[in-house]
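Read the single chain below, which is given as structure tokens and is the form predicted on its own.
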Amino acid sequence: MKTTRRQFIKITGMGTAGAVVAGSVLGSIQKATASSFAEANDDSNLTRTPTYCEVCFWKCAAWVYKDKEGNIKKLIGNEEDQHARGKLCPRGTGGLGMYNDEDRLKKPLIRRNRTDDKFEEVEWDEALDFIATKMNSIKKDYGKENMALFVHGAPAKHFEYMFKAYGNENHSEPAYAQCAGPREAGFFATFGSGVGSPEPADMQNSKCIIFIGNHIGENMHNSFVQEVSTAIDNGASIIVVDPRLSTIASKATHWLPIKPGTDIALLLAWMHVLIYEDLYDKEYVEKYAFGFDQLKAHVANYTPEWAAGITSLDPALIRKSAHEMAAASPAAVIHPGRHTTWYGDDTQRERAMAMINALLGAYGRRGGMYMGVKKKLPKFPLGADVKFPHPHWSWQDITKKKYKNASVGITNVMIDASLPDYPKKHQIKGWFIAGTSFINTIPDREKMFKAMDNQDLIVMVDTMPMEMTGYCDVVLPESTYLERYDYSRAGKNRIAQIAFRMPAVETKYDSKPAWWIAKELGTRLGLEKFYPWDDFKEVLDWQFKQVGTSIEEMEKIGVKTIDTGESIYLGENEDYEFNTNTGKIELYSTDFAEKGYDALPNYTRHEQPSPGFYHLIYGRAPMHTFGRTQNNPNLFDLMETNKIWINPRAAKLWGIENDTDVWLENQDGVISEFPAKARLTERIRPDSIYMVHGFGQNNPKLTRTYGRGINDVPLITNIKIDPIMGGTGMRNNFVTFLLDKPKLAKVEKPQEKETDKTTKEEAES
């Protein structure tokens, strides 16, 4: 029974006589609703299959429920899983849309001639033979090391294994150099241990949680949202530093609407207050820390009053928020953040955050940061005579001299090495991309196009026709996570768990799982000895048996908890040696000092926008992951496009009203391809604008999301490289507004030009 809003108002507006009718109608509604709810939750006729989600990369373990015809009826979080805790987020519940999306890649595609931009559907044998021939040609002309692998998500391990067997270790992923790398370098320099994922912030037990530019609740990391909710229910205070009143800032005890680019000044002022007002954990620092005296002298003049002139924050608020976190210590934690590549001094900002956690006595303490545990699954045996070849050179040879604290391959370094003027010995001549929409992840498109133009081969493995597929020579359709086996999830967390993924439904179209693609391509490259199994299920079953379980058990339980006997907290009187040069938490970094970096963080003034320009800030939405879900039919309905958050004071200067179409132009004259609607709100500083990342996609084959909203990536042309680990600082960009549709220059794809010669008139045009 359906009731319109008008009918409902009419019913509820009746007098006593109408109340009987209303009661009857509402009673019918309640019965119908109860019946529908009961039917939806009746699992008696359903079967379930274990998986872990890959709509985002939190990898929540889940159950896939199907009817007798094999149709998926619902996706539910596994109650035994510490990532899901029995629930899936909006993205996870929309995972079925990845499977059902009719825009999916369906067949292997080959572009034989880049100039005509036409793709041909082919069979798998032909596509894989084509790739193998090209890879062997690159090996002959340059060397097997002269290719680069760019990966993200579950496909990564399969292709990294294949490339390692081939004798190539030039692997990299945007998750490091464009996202979390600075926090890994900063926390490692302080504690001798990186952060990892999930971040080991013990928020469910915290009394005070500090978020710096962290959009938790919009960046929908499932267990963390549940943890923060628990902490708030338990009375924890929340401190948020952000130019925007984000979702988590709306729950904050203290919101510090900081001027963009001045975070280190605030962090130094917080350290000054903690030390000079005698609020830090003296016993903890004396027992576990090195360099306190140097730090004390370093922050002597960094008062809240000094920071106020830089950050535009009230010095009383700076001091009060420092007292708030100190009062809760050691059950207080500055969350390390996720996307941390902002201004180019990001490792030092993360260092400062780690140092405050140390001053609060939070590392290794309940409510602060726990020390995660894991159960590593053993590698499938290959035989004593099977050895991985040693490459003649790798990413370290072109990275470590310049970025000494880079711990993995750097995507932007690989792109630099792909340019035609790079030294021939280390020049990259082929790209293999899997699980990442590369062109909408790495900034500086002008350099990207030059690098692509210099490649002899570009291959992409994906489930969807993302924009990057249009620039490739071969496109391979991958099965969705609901259709395949993968390596089990076994990362660090509070307890050691392994989560199992298996096919829940029949594979659609002519897509294949990454393990099969890697094995088949590896065989064509002469790597058969590295694949002594026929089906990846054999590998999983062998691994499970080594840790006391089996495929049969994992099919029934989905998640296995293993007791490692390790503690995630420091004992009350425990002597603990940290993995640093001194064996202590290094407030003064001896490693940085030895390598010529600042041993203590310093504030550096960053560029500011010219008159009429605004800081470009981007972030996430609860229902979308990067740019990979906008076309998902289930999630598209929840958010079809992004909007541009503009403060009303700024909007008034331009005559912009709510829902006005706005194009953006950056400081270098780059204009957004599509417009977005303006959203006027006091929740953003007047000197800044904000948008959700991942929209403005320009491949017409994405029929839902094509042309909707603005893509921030092309507007990011001013990049500041972190000198310590090589990350791309992307928030040094500013935009202004265009209210009339601009005439856009044609963006040319690699090798599309017939000549580089232009007349003066053409250049000016």
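This is a predicted model, so every value here is computed, not measured. Start at 1 with the first residue shown and count on from there.
The next section is about a form of this same protein that is not shown, the form predicted in complex with a small molecule.
- This chain is displayed alone, yet in the model of the complex one of Gly367, Pro108, Pro260, Gly558 has a heavy atom within 4.5 Å of the small molecule; that residue is Pro260.
- Of the listed positions (Asn219, Thr399, Gln497, Gln543), a single one reaches within 4.5 angstroms of the small molecule by any non-hydrogen atom in the model of the complex, namely Asn219.
- Thr436 belongs to the set of residues with a heavy atom inside 4.5 Å of the small molecule in the model of the complex.
- For Phe449, no non-hydrogen atom is located within 4.5 Å of the small molecule in the model of the complex, even though that partner is not displayed.
- The small molecule in the model of the complex is approached by Asp462, whose closest heavy atom lies within 4.5 angstroms of it.
- Although the partner is absent here, Ser237 lies well away from the small molecule in the model of the complex, with no heavy atom inside 4.5 Å.
- Across the options 658-666, 91-99, 314-322, 558-566, residues that bring heavy atoms within 4.5 Å of the small molecule in the model of the complex belong to 91-99.
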